[in-house]
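Below sits a lone chain in structure tokens, taken as the form predicted alone.
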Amino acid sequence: MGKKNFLTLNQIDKSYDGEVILDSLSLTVDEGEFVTLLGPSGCGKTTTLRIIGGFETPDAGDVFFDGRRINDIPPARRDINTVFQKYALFPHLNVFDNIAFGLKLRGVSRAEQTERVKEMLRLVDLKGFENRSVNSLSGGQQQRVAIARTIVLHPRVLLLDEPLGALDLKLRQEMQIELKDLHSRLGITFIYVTHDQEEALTMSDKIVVMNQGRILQQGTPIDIYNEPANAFVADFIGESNIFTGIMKEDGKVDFFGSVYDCVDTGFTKNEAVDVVLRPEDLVLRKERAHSVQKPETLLPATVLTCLFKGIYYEMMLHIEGADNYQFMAKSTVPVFEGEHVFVDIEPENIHIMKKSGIETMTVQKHRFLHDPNATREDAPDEQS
């Protein structure tokens, strides 16, 4: 890894027509990192990328690149290049001339153009495609040409704005691996925008989860997944069951009418919290024996649905005696509709979150299902 704090955004504000897009956003990126900005549509991630690239100017705040303030530096002089979702290839130029276009503008000699373009074609596995029309290429090949056209200029930072969005699922998964491998070989800084959690988890050194123009959490994929900072992050990264609970004291949380051991600390006594349970962490037992928790804390449940998902079964369960409580479990062993089970939850798999005012419709729906005090009026509109 290169320099620390290689790229810094400090208290960035941005609004359009009175609507706040970025709200005092601060972010640091180390040289050579693969950083992914992840969040729902409208969260501000593309605007952040455009401010880094120089295509937008912040209303307030500063952008520093390698120790230099670059707010007023135009895009062409930032040593930062962008790969857009639609690639923006020139249809009247062949593959070679598309890749060489930026070199021509910089006055690079024809001999050096040829040498650098051939090196890029080898790097993106398109050797021999020099004379092909870009219109004859597949989506994945066009994407590689777009990447080659940017990295042939030897930028220090590569910005990628949802570059896989137009590809089908199989090709998107293949390109995730190729992009990660390309990042490793080039050693330059990648800043990647997506709303796809799988892409973020697969490729990133660091994930930055955004919503409503703010950063909610940043960290490694493992940290973000295993230790989400709040209910929004837990719900956006992977699938989660989110319940309302009471933190009786450190290491003790009350939900479903029982007190469970957990490993979280730092809460006040009787603080209202969000309890997050990952579907894959729930153990379904046919009897109460062999429980990690106290036998009385095992939740009796009935299986409502069981769907085969290829490598696991996804089951929706209803907690017996509680009309509003439904939740998801995942297991490689199926339990079929109508069967009765006991749900066992290990202490380290109970994630306690402080209540957050930033929520999505999905989290609100979870809370409607999982909060016994919720009423029908609390459920969000499907169209909102």
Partner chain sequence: MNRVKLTAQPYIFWLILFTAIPMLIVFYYAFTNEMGTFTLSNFRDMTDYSIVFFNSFRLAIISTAVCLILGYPMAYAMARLEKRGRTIAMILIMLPMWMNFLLRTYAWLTILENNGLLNHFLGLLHLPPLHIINTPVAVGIGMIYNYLPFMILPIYNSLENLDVSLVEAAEDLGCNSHQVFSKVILPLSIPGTISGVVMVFVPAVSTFVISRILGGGSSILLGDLIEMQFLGGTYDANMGAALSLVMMVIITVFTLITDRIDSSEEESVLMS
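Numbering follows the first chain given and starts at 1. Everything numeric here is computed off the predicted structure, so don't read it as measured data.
There is another form of this protein, the form predicted together with its partner chain, and it is not shown here; the text below is about that form.
Asker: For the chain seen here without its partner, which of 104-112, 275-283, 226-234, 298-306 has a heavy atom within 4.5 Å of its partner chain in the model of the complex?
Answerer: Single hit among the candidates: 104-112.
Asker: Does its partner chain get within 4.5 angstroms of any non-hydrogen atom of residue 126 in the model of the complex?
Answerer: Output for residue 126 is no: heavy atoms all beyond 4.5 Å of its partner chain.
Asker: Within 4.5 Å, heavy atoms only: does residue 119 come near its partner chain in the model of the complex?
Answerer: Contact with its partner chain, no.
Asker: Counting only non-hydrogen atoms and a 4.5 angstroms cut-off, does residue 65 reach its partner chain in the model of the complex?
Answerer: So residue 65 does not count as contacting its partner chain.
Asker: Taking 4.5 angstroms as the cut-off for heavy atoms, does residue 80 touch its partner chain in the model of the complex?
Answerer: Residue 80 belongs to the contact set for its partner chain.
Asker: Taking its partner chain in the model of the complex as the reference, which of 267, 84, 256, 313 has a non-hydrogen atom within 4.5 Å?
Answerer: Going through each option in turn, the one that passes is 84.
Asker: Select from the listed residues 197, 212, 94, 218 the one whose heavy atoms reach within 4.5 Å of its partner chain in the model of the complex.
Answerer: Of the listed residues, the single hit is 94.
Asker: Relative to its partner chain in the model of the complex, which residues of 51-77 have a heavy atom no more than 4.5 Å away?
Answerer: Counting only heavy atoms within 4.5 Å of its partner chain in the model of the complex, the contacting residues of 51-77 are 55, 75, 76.
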